[in-house]
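First comes one chain, alone, set out as structure tokens in the form predicted on its own.
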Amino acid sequence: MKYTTGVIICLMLLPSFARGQDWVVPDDRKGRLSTFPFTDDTRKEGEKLYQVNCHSCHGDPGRNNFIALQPPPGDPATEKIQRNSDGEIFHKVSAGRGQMPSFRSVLTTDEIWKVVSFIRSFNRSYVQKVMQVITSSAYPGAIISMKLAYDEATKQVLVIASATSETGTVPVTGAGVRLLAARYFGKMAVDEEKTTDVNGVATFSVPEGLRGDTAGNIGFSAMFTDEATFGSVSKDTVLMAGMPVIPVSLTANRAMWNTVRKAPVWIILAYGLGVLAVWGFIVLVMFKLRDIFTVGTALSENISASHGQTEPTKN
């Protein structure tokens, strides 16, 4: 009995305990900074990304209309969230926890910083600190960069990472790299995570039949998986690595969602007959009501006439 009571008490206290837990970000991630300044353009782009990826749970910043979850997602405009450092907000969006998903495979590093830019626009006292150069603990004093290329013969995307310092440029070796391809509703991982070789190159195989635009262009994003070691570098590039796709107009042929002029004939006929049937029924009801009124009037007159004939004569 005592054991059962203890279990019940623990279950009752568990939600309160969960709500009371703070999301602790590792110290080496708290001081992380964006590599570019936050501007009106980054805020607008961040707002679009927020609406697609964050709005469904966090709601409109400043309105406290976030979804009812435990623990609650919270309003990004509140002091509780705004007191986080830029690095803490970036880490939470990137890593996720519990019911909040990780967005590191959905958004690039720059896109996450643009979301941070939008969130910070609701803090009037916020003053941004910008990381001037992207450095790496694996290559002290060097600036890390990436570039992407497409090998048509092998159908592969090459990600080339290099570190530039005062003494020259060397390849970044042994670095884990992820490659994402832009799709209609987010980004898709291309191939598995790869590691740069002795030349600083990571090779990704493009899936056969990957759809591009009318010219076969696809937007790719590459980034390091171990950003703490190799820096928060990401590279966005458009490469002609996909299958050209000619968009099919929804109004090219007859279809249910088309214009009236090109709508399926059976729908036009069914709609027309349905309208005629409804109006025919209405007219029929009106005629029947008229007949009822006529019969009722005639009956009333006959009753009145018969009453007048049978009325006794007064002496």
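The first residue of the shown sequence is 1; numbering continues from there. On a predicted model such as this, the values are computed, not experimentally measured, just so you know.
The form predicted together with a small molecule is left out here; the points below concern that form.
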| item | value |
| --- | --- |
| Candidate stretches 188-196, 168-176, 81-89, 205-213, one within 4.5 Å of the small molecule in the model of the complex by heavy atom | 81-89 |
| Heavy atom of each of 108, 159 and 230 within 4.5 Å of the small molecule in the model of the complex | no |
| Touches the small molecule in the model of the complex: residue 64 (any heavy atom, 4.5 Å) | no |
| Close approach of residue 129 to the small molecule in the model of the complex, 4.5 Å, heavy atom | no |
| Partner proximity in the model of the complex: residue 97 to the small molecule, non-hydrogen atom cutoff 4.5 Å | yes |
| Contact flag, residue 58 vs the small molecule in the model of the complex, heavy atom cut 4.5 Å | yes |
| Residue (of 69, 255, 33, 270) lying close to the small molecule in the model of the complex, criterion heavy atoms within 4.5 Å | 69 |
| In the model of the complex, the residue from 146, 93, 241, 181 that sits within 4.5 Å of the small molecule by heavy atoms | 93 |
